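This document starts with one chain, in the form predicted on its own, laid out as C-alpha cells.
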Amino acid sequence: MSLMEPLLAIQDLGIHMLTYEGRARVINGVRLTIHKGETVALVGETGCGKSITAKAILGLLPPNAETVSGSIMFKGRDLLRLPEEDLHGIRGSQIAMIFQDPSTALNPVFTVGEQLTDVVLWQGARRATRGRRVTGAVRQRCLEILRLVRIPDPEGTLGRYPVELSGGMRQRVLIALALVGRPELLIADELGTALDVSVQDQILLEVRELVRTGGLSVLYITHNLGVARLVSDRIYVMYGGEIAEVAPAAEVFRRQLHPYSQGLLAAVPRLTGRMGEGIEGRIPDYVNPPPACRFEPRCPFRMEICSLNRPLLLEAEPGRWVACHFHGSREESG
C-alpha cells in the first residue's frame, strides 16, 4: 500500500448487533484503506457485512448495532468519535452514499428538483441560507449536476416525481444527489443492481468517468465480481464480517490466494453455458460463529489449525494480503 496517508482508514472495526437470538458479531476486526483518487471494491456474498461496514462510515448503523472496537479515520479524524453535529457536516458534503434501490431511496412525494434543492441548501456553509429560498445559483447547481450525470432533459426532470422516471433515470438522480455536494469520497452500494444489464453498464461507465475527471475516491459495495473488475483499482474480499483477501483488481482475477476468493470466481457462470460450481454451505451464524477461521466449515482445504487459531490478515507477497493459514507472510497489513 502507498506510504501516503490514506483518505479513509478503517482499523480493527468490530460491530455487534443485539438480536432476539443473542449478540451477533457481524463485523470482526475489519481493516480497509482508500487513498485519494483510488477506487476500491468490497466484494462478498449477501450477508457478509459489506453494507454494514459502509453504513458505519457514515454513522448510519441501525439502533440495535454497537461498535465495540476500532476506528474509522477520515482525513485524520475518527468518525466513530465525532459529535453527531460534526458528522452531519461530513455526510453529503465530504462523504456521500449512493443507495442500492432508487425506488426506495428517493422520496415519492417530492419532485427531483425539491430533493436536490434540499440537499444543496442543507450542506456545509449553505446551512446559513435563510429559510428555504431557492436562488438562481441553487437552481443552476441542480441543473449542472443533472447534466453531469447525463439526464436528457434537466429542466423538465426538476419538476418530475420519481415515479415518472425510468429505473435508469432514477439511478442517475441518486448519483446526482450524492455528487451535488462535491464529496471527496463516494460510497456506491450495489450500484445499478436493480437495473437491466445495458443500463447498469451505462451507469457504471458514467461514474467511472466522473471519478477520472473529478478526482473522487470511491468505495464500491458489490457481490458482482464483473462490476468489481470493471471499476476498481483494488479489491477487498469479505467473508463472514472479516477481510479474507486484498489485492490489485487484476491480480485477484489472475490468481486467488484465499479459498473463498477461489470459490467466488468458480461460482461465476461460464460463457460455455456451464453453471458455476458454487460454494457448499452458507455464511456463518454470527451469534455462534466458528471460533477461529470463519470460513473453515466450508473450506475444502481446511486443516486442524483452522479450527484452533484465527488467521490474521498478513502480507503473503508484495502488494497482496490474505487471511489464511496456507500462506506464509512477512509483515502485518497496514
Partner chain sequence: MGFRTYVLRRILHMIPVMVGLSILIFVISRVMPGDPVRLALGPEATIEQVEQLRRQMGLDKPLHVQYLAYLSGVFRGDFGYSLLTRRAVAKDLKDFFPATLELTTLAMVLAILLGIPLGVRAAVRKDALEDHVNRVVALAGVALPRFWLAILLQIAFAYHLGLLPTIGRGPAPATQITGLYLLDSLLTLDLSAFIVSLKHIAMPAFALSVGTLAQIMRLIRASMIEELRRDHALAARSYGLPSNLIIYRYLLKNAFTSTLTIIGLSYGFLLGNAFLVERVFAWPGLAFYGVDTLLAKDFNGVIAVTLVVGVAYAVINLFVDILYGYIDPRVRYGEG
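Positions refer to the first chain, counted from 1. Nothing here was measured: the structure is a model prediction, and the numbers come from that model.
Keep in mind that the form predicted in complex with its partner chain is not shown, yet the notes after this line are about it.
- Taking the partner from elsewhere, residue 101 is found to have a heavy atom lying within 4.5 Å of its partner chain in the model of the complex.
- When contacts are judged by a 4.5 Å heavy atom cut-off, residue 110 counts as touching its partner chain in the model of the complex.
- Contact check for residue 253: no non-hydrogen atom falls within 4.5 Å of its partner chain in the model of the complex.
- At the 4.5 Å threshold, heavy atoms of residue 141 stay clear of its partner chain in the model of the complex, well away from it.
- Residue heavy atoms within 4.5 Å of its partner chain in the model of the complex occur in exactly one stretch of 228-236, 241-249, 176-184, 208-216, and that stretch is 176-184.
- Shown without its partner, this chain lists 308, 68, 60, 266 as candidates; in the model of the complex, only 60 has a non-hydrogen atom within 4.5 angstroms of its partner chain.
- A heavy atom within 4.5 Å of its partner chain in the model of the complex is found for exactly one of 86, 155, 118, 201: 118.
- Of the residues in 153-168, those that come within 4.5 Å of its partner chain in the model of the complex through at least one heavy atom are, in sequence order, 161, 163, 164.
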